[in-house]
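As a starting point, one isolated chain is supplied in structure tokens, in the form predicted alone.
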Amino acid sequence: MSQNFKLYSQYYDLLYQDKDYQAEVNYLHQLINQYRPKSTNILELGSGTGKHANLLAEKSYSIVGLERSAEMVAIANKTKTEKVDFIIADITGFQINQSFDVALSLFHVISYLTDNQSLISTFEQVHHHLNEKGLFIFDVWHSSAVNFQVPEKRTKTLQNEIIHVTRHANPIINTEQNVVVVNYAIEVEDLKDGTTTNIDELHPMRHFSRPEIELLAYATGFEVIHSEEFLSKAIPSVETWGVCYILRKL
């Protein structure tokens, strides 16, 4: 694993150190029990370093996580539990010989699919791998909030005992495509030796309205059975950046 990725992994863990994974897993477990009780296995799209998967396994689910980053999968495999497997795969085109009760895609992974064909391909793959009346639960950026609040330039600094991070975010808004391209310029300073690593990232994020999700669901064999603000369960509004959708396979 390269030194650059090790520093990036430290940055990633620091950036999301306050993220309450346990609360999110409890929330997802409640949704599954509400809309498809007795579900036993889960397919996770964009499983990252495996934190959600391991916590879901503690609730007696079997998990298969799909992640296109080999480095992330390598990290995830170091802590995976008995009921968890990770596969290096692109969520827009995968084939595994297993079907699932529930598919999850968290942390706005679906918003990274900015073109229609990638979205359709992903939804079709999920549909193919779900059991009868299986659920597809995911969160996306919400168009009403993006249009009302309008993303702005921001700078964030973070530090732990190993690194100091300065991250500049410069969003470019494509109103015709419902996409916000967030340009990140990141400087990671190694506090042990004073060296710095510069990382440039482009995060193109698509935002969605409910009618768009309903049309996408209809086109790929799903129905939208509920939507709400992720975690809080509030009714989506112009203040809601992340909306959770629950789809059922028809």
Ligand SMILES: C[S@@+](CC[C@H](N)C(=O)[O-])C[C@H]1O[C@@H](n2cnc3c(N)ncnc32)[C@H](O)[C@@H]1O
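In this text, residue numbers run from 1 along the sequence as written. Given the structure is predicted, the values throughout are model-derived calculations rather than measurements.
This protein has a second form, the form predicted in complex with this ligand, left out of what is shown; the following refers to that one.
Ok, 113, 135, 165, 75: which has a heavy atom sitting within 4.5 Å of this ligand in the model of the complex? Result of the distance check: 113.
So this ligand isn't shown here. In the model of the complex, which residue out of 145, 119, 130, 109 has a non-hydrogen atom within 4.5 Å of it? Of the listed residues, the single hit is 109.
My question is simply whether residue 91 lines the interface with this ligand in the model of the complex - judged by any non-hydrogen atom within 4.5 Å. Contact with this ligand, yes.
Is the gap between residue 19 and this ligand in the model of the complex 4.5 Å or less for some heavy atom pair? So residue 19 counts as contacting this ligand.
Does residue 12 reach this ligand in the model of the complex if we count a contact as any heavy atom within 4.5 Å? Looking in the model of the complex, residue contacts with this ligand include residue 12, since a heavy atom lies within 4.5 Å.
Though only this chain appears here, would residue 183 touch this ligand in the model of the complex if you measure heavy atom gaps against 4.5 Å? Taking the distances in the model of the complex, the answer for residue 183 is no, it never comes within 4.5 Å of this ligand.
Stretch in contact in the model of the complex with this ligand, which is absent here, among 100-108, 77-85, 171-179, 147-155 (heavy atoms within 4.5 Å): Among the candidates, contact is made by 100-108.
Though the partner is not shown here, which residues of 34-62 have a heavy atom within 4.5 Å of this ligand in the model of the complex? The stretch touches the partner through 44, 46, 47, 48, 52.
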